[in-house]
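Before any questions on how it binds or moves, here is one chain, the form predicted on its own, in structure tokens.
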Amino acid sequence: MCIASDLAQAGAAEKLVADMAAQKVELTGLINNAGFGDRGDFSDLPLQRQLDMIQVNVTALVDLTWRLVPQLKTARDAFVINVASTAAFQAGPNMSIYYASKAFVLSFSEGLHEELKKEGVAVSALCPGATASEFAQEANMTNTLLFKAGTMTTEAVVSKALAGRHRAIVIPGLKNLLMVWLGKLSPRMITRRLAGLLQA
């Protein structure tokens, strides 16, 4: 079954949940994968596109999760996977809104991980790096150093996400894991400048 929804529209999450109820969908897991980015200076990118990014990456994710958690609490081995990014661990010049939105997803997911584990619902933040999907083209990033350096397949990312769904944070791929940990050891001034270079 497939129910189409444009989550950039206000009220879309509420309607989607209502449509699921009408179709009597029995939910055991929620994967909040909808999201997009865009490359460019904050002041140059269209305001509405950036507001839509916040709507999809943050607001719709929170809305869907809040509406569906009660159902998940009644399911066996239920889980929520919120797709964040390695971008969540530092600021990102040339993609400031995208990086900030993913930082929200990471923090929100970590909080829910602690809140909901006593209810039997596993919550994790999936933090992939460059992935072979339509994201790079949509975000105008196909010619950046980040994507030229290599990508993971979507299948590999999904496999890691499902296998690690009981952990608070899942970072698929050794290269991505090393980049995140090296970032933790570096001053934020360095990590944000490096992020800017990778997507210049």
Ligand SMILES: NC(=O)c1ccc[n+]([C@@H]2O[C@H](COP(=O)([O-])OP(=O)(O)OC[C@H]3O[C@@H](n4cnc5c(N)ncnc54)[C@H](OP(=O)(O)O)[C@@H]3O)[C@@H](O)[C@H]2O)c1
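In this text, all values refer to a predicted model and were calculated from it rather than measured experimentally. The numbering used is simple: start at 1 and walk along the sequence shown.
Another form, the form predicted in complex with the named molecule, is not on view; read the next lines as being about it.
S.K.: Just one stretch in 22-30, 162-170, 39-47, 134-142 has heavy atoms within 4.5 Å of the named molecule in the predicted bound form, so which one is it?
M.R.: After filtering at 4.5 Å, what remains is 134-142.
S.K.: Answer with yes or no whether Gly92 is in contact with the named molecule in the predicted bound form, where contact means some heavy atom within 4.5 Å.
M.R.: Residue-level check for Gly92: no, no contact with the named molecule.
S.K.: So, Val58 and the named molecule: in the predicted bound form, are they within 4.5 Å at any heavy atom pair?
M.R.: Outside the cut-off, so no.
S.K.: Contact with the named molecule in the predicted bound form for Ala195, defined as at least one heavy atom pair within 4.5 Å: yes or no?
M.R.: The answer is no: Ala195 has no heavy atom within 4.5 Å of the named molecule.
S.K.: With heavy atoms only and a cut-off of 4.5 Å, decide whether Val83 touches the named molecule in the predicted bound form.
M.R.: The answer is yes: Val83 has a heavy atom within 4.5 Å of the named molecule.
S.K.: Name the residue from Ile54, Ala34, Ala156, Val62 that puts a heavy atom within 4.5 Å of the named molecule in the predicted bound form.
M.R.: Checking each option against the named molecule in the predicted bound form, the one that comes within 4.5 Å is Ala34.
S.K.: Along 2-32, which positions have a non-hydrogen atom within 4.5 Å of the named molecule in the predicted bound form?
M.R.: Sequence-ordered list: Ser5, Asp6, Leu7, Ala8.
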